[in-house]
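This text opens with one protein chain seen in two forms, each one given by itself as structure tokens under the names structure 1 and structure 2.
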Structure 1
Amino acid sequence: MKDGLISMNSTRTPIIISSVATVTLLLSACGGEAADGADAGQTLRLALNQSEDHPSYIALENFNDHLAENTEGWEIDVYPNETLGAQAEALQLVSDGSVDMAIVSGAQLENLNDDFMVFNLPRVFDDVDHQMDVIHDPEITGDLYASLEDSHSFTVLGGFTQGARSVYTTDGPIETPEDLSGQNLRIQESPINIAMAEALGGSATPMAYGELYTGLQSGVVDAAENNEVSYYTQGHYEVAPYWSYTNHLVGLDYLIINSDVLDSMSEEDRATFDEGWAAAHQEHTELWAEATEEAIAGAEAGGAEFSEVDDEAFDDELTAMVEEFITTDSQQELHDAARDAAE
């Protein structure tokens, strides 16, 4: 992980502005797709909203190396920093086939199939290892990852952890939900996130990730919640230096791929692809702990203060969300299976 946040932030605005032009270019490049079916590899465009020093970018680059070395022509070109659009837009582009793959947060999938809500709730995963075991166990996930193929033409392949998420603020640390009262808390765009903002005591303010630095800086929002790695790599600690360890949930990112692209792989290439992806998410989990420590040290060196909260003061409201959002048998089954897999 490097300190190059200033250069990253200074490139953000032009990157977003140019995203429409980039996508137009990519759309016109789609004609180059191999026409002769299964054996012809292609370069897969992958939309990511993280910077190049984030573990997700690093693990995906290594996934690309694995494919480039072991298949005939399959490669992954990772577009970081929302170059291809924020997650909601990237998901749409994968669905219509103009982008091949994307990393999207669970919040985005919850909006399409409410079974995905189960994995976005507080108290479902005890820690990163439990989460990775659950979400990569086909006995637990069943047909969840194929559930959007007919309606949205993409397949979920599994995911990367977002680690434990906590609150950070522009105006002093918080200890209880009352301390967030009246503060605009930026959240991801989904029903669970709105309820979570309220459980944490703040006023829910949905906003795309790439807009958040400016949102905090300009005072449009007073607070946000994320993991330490995003807090550091996005430079948010510069404008919201008070981190309060609410640890309200272990978040989850998914890797999605256009289903036609996945189906066009030969059996052999698909096996190599699956092997590369398994290695990538394992590497991501290994990098995560180290990246978190580096992020804390980097943010502290930049003036951020990390403090504990009164856990009990948050507990009832967060736990109540599980009952509020689990309303169907299939959600209940997924939840029970995930909890059964906890140590």
Structure 2
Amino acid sequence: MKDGLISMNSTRTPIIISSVATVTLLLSACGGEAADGADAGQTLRLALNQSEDHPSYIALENFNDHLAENTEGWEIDVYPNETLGAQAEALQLVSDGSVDMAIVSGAQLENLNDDFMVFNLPRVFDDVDHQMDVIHDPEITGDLYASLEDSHSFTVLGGFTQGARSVYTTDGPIETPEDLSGQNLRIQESPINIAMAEALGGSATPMAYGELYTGLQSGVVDAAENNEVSYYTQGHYEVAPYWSYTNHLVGLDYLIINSDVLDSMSEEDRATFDEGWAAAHQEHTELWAEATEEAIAGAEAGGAEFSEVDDEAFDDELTAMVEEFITTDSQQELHDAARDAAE
């Protein structure tokens, strides 16, 4: 899975504006089926950074089929492979209404409301099922998901899992943080990821995802962390054959929709939309589990070794990190609610 994210900072602004303007012109030329009223329906344009064989694309296409079959005029046109730009650009397009929906990572939303940071922290979720229960519980997420409607004109509907992330290494498995001491651990560059690498015992080494295979092969980095699907599909098992189940983080993508578009649905169509979305994220979770099993089998056939770690040895360091990053009452409430849901 691609994990290189484009941050919405000031140095990127001219490029983002240019990209957004280009895509806006493209979409205008294609022509949108704008609704004339609440019951008219329209084709919703959805930006996705994954390919047509990815579980996200498959689940979203079936979401479209559900809408097309059960409403008068509502459909979803999924644009895969970053056709409408990377996630930062797609988020801005949904905000200004040029695109209707998008899949974006938690890091993108964290840039706009740092309460989303809570769900990007290690060990908040025990596993994928726990994660899905929490992020689709309106009692926990209702205020959070509506928090960007006034400022950025989009609503968060829920999310797709990115799977549990663990550590893989070039020179033997790890069991405790001490086993990673002195090893360069590749991360995505952010304060959370730097702290996470240190909590895992390694030396944080930011590196572009596309350079990671060569980095592991050449010894520039000794270890990396990701989910099993990426580990296998990117061939990293060939150069870092030791997978250790730290399960330190369960990654997350969100589905966002322009708030005006959502509000334009009739009560009946909104109910059908919500049913379709519930089926979509459930199907995605099932597809992800299948893809994970296939990835593990494929990596093992290629010589990879999968082993368990001393969970308690990692818990102390990761818990201390969480305490460092949670700084507000609202963040603490989200964290506590997520953890309570696991009990």
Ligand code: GCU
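Only a predicted model underlies this, so the values are computations on that prediction, with no experimental measurement involved. Take the two forms, superpose them, and find the largest set of C-alpha atoms that agree within 1.5 Å; that set is the rigid core. Residue numbering: sequential along structure 1, first residue numbered 1.
**Asked** So which is it, 1 or 2, that shows the form predicted in complex with the ligand?
**Response** Pick structure 1; the other is not the form predicted in complex with the ligand.
**Asked** For D100, is the CA shift between the two structures at least 2 Å following rigid-core superposition?
**Response** No, because once the rigid core is superposed, the C-alpha of D100 moves less than 2 Å between the two structures.
**Request:** Could you tell me whether the Cα atom of A297 shifts by at least 2 Å between the two structures after core superposition?
**Result:** Yes: A297 shifts by at least 2 Å between the two structures.
**Prompt:** Taking the rigid core as reference, does the Cα of G251 move 2 Å or more between the two structures?
**Reply:** No: G251 shifts by under 2 Å between the two structures.
**Asked** Core superposed, what is the CA shift for E308 between the two structures, in angstrom?
**Response** Shift of E308 at C-alpha, rigid core superposed: 7.4 Å.
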